[in-house]
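Only one chain is included here, represented as structure tokens and corresponding to the form predicted on its own.
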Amino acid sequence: MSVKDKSIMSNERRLIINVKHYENAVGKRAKNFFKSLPGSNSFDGWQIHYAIGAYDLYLAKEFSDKVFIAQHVDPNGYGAFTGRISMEMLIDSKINGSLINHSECRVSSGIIEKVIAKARNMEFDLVVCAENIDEVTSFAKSGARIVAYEPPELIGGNISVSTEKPDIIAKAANICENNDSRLIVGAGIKTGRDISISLKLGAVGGLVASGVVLSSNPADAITSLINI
């Protein structure tokens, strides 16, 4: 299966699991962590994508049954750009997608617009994170194909965005649809019910982290989220 065939831009529902920089899922522990997790097409109608740091890009070549995306990408190409992560380098590493503007790695609106434009030109699967409805609107109108709504005050907590802010999810989903974009939601997502509510409100999936990565059984946690 080619990278493009495994694109997150298909019509399937999608679950993005951001491993962040949790000790049990990065570096020398990364291989064992991902060995235990389901492949990206293990569930009918769902695609699973794992967001990894630049230090673990090699995983995309070692685990052909899984789709990996980056946690961040920059607008530059190859050249004298110390510390930067280019789309070109990611694609060469068999990674055709990335998050950008996560609440823990925020960037300016100008950079986001450049990355969105480049991603569309390169058919690169970009997921632009938004903290509020104004950002959802701005990014969708700028051409982002996937917008991830994550209110920062709920990230890592036990209160789900789907139960705390259902009206905003519905509004955000409508904005995205009107701008040829799609919405996924994150922050406090821990259960299949959280995902189910989000789907009913117009989202196409979820962005999760600690609820899976820090679970005593991450594979079971993934199954419980999407067997709805």
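Numbers follow the displayed sequence, beginning with 1. Just so it is clear, the model here is predicted, and its values are computed rather than measured.
Beyond what is shown, the protein has a form predicted in complex with a small molecule; the following relates to that form.
Asks: Is it the case that N18, E150 and A187 all touch the small molecule in the predicted bound form, with a non-hydrogen atom of each within 4.5 angstroms?
Replies: Yes, because N18, E150 and A187 each have a heavy atom that approaches the small molecule to within 4.5 Å in the predicted bound form.
Asks: So if I measure heavy atom distances to the small molecule in the predicted bound form, which of the stretches 74 to 82, 111 to 119, 153 to 161, 87 to 95 falls within 4.5 Å?
Replies: Only one stretch passes the 4.5 Å heavy-atom test: 153 to 161.
Asks: Hey, in the predicted bound form, is A209 touching the small molecule, heavy atoms inside 4.5 Å?
Replies: So A209 counts as contacting the small molecule.
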